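Below you will find one chain, with nothing else, as structure tokens; this is the form predicted alone, and questions on how it binds or moves follow later.
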């Protein structure tokens, strides 16, 4: 088991390199990509089976890399990283099934490289190693939007790249300076998270070091004010890239604050807490208004995603077990729901060749199975009872009320606003009058099997959350005690 995390990280990249060197035909490339995702999923299942919820960091690998600079290949998994890791491996097989008819080889190679990037970032415990994987995520997204996107895809690709690089550079500067402080203190270089957590910074230095990390993470989420790349990128990107950005990469912004912020700068984050909570509350309202007024399906759910990610960020900065448990649970359930929704939007475009809500309508009359899955994922995002999103949102709202009545009252509008724009959209798209004469095919067997696991997981997380919460409750209780 000692190398299992390394295999989970690099297996997709290894298969991509082998198939690239051999100049594998398209069919073999598809099989290789899907096979790698299934194999990685099985490896993560083994990790889950042997995982000790009451333990700290597990399956640690600590090997010298650039030893003179204090950079090590240092990886491990705990409850926080296990949640995000599980999301990644659950979403990749459905995405490859969705891509089955994609004939451009670069599309497949970029997806495998992207999987290695996001997985490595989640499991890294050395800050320089984390930064390497963080940047590895960017290149495939840049290529997929720039080469395979639609509309103003090249402009939007450059915009998301430049904004992400801005955040990455600020984070890199903070990482290097922390390493320098460690060198000045102990006489050796180190970027290992556990060693850097022993440092103490003066308040002024800590404020701008924390800001360097926060800028990178709030751009990735994105919180309102740092979001101008979001809707254009979601609108131009191909569906698999949108799923990765919404369901995985945005969650890594939350993960980064949780992992590095509360480990290195837990006291300094108290200074930024009112600011983050304020812009999160503004984001809840602003994104909901934009979602109501948006006529493009993909852009509408981009704003919906922004609203719910703001709720997750708010819960993270409300220091009690309800809000923290809800935020971590929502990371998982929102990822599943948004992945299913964006896949359904992709299938809608394949059939209608448009995502304009005013040009759609009457789908329920033509395709009942399609209607069920479309409505289910949309309502799961809205947090309808019986789905995991409802449990997660309810926990965050309870946590907000426990912290402050007014905060809880304002936070509770999330569910109401989501119901408004979701039901308004469903009424027009599914149950309105048919506005398009294009023949509409219902879901086939492959598409149904591709989506069914996501539905089952969303129902299980909503009906029996006790199956999942024991994996992270002990960790959150311990971490909350440290933060308090």
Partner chain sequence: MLNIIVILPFLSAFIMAVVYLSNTKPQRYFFYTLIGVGSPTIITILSLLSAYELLNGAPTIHTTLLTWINIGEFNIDISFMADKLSVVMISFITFIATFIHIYAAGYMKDDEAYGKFFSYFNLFIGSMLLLVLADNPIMMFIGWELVGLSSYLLIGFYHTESQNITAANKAFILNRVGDFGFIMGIALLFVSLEGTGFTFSSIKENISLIPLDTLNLIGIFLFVGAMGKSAQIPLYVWLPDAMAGPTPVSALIHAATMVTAGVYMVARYSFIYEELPDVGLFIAYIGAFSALLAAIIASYQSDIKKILAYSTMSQLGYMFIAVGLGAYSSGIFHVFTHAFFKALLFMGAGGIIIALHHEQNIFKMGGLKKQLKLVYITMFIATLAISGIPPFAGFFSKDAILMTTYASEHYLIWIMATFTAGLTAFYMFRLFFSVFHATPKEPLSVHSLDKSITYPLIVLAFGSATAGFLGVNAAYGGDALINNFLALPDRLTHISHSTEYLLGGLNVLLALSGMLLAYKMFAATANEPIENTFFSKLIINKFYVDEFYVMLIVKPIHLSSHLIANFIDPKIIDGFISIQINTYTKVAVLFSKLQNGQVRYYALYILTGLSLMSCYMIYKLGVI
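Quick caveat, the model's predicted, so the values are computed rather than measured. Residue numbers count along the first chain shown, from 1.
This next part talks about the form predicted in complex with its partner chain, which is not shown.
S.K.: If contact means any heavy atom within 4.5 Å, which of 330 to 338, 156 to 164, 107 to 115, 257 to 265 contacts its partner chain in the predicted complex?
M.R.: Of the stretches listed, the one contacting the partner is 156 to 164.
S.K.: Taking its partner chain as it sits in the predicted complex, is residue 70 near enough to touch it, meaning that at least one heavy atom pair lies within 4.5 angstroms?
M.R.: No, residue 70 sits far enough from its partner chain in the predicted complex that none of its heavy atoms falls within 4.5 Å.
S.K.: Would residue 195 count as a contact of its partner chain in the predicted complex, using a 4.5 angstroms cut-off between non-hydrogen atoms?
M.R.: So residue 195 does not count as contacting its partner chain.
S.K.: Is residue 227 close enough to touch its partner chain in the predicted complex, meaning at least one heavy atom pair within 4.5 Å?
M.R.: Residue-level check for residue 227: yes, a contact with its partner chain.
S.K.: Can you work out whether residue 275 and its partner chain are in contact in the predicted complex, taking contact to mean some heavy atom pair no more than 4.5 Å apart?
M.R.: Because no heavy atom of residue 275 falls inside 4.5 Å of its partner chain in the predicted complex, the answer is no.
S.K.: Heavy atom within 4.5 Å of its partner chain in the predicted complex: which of 152, 321, 207, 270 fits that? Just give me the one.
M.R.: Going through each option in turn, the one that passes is 321.
S.K.: Among 35, 46, 431, 62, which has any heavy atom within 4.5 Å of its partner chain in the predicted complex?
M.R.: Contact check passes for 431.
S.K.: Answer yes or no: in the predicted complex, does its partner chain come within 4.5 Å of a heavy atom in every one of 290, 390 and 424?
M.R.: The answer is yes: all three residues contact the partner (heavy atom, 4.5 Å cut-off).
S.K.: What are the residues of 449 to 465, in order along the chain, with a heavy atom within 4.5 Å of its partner chain in the predicted complex?
M.R.: Sequence-ordered list: 462, 463, 464, 465.
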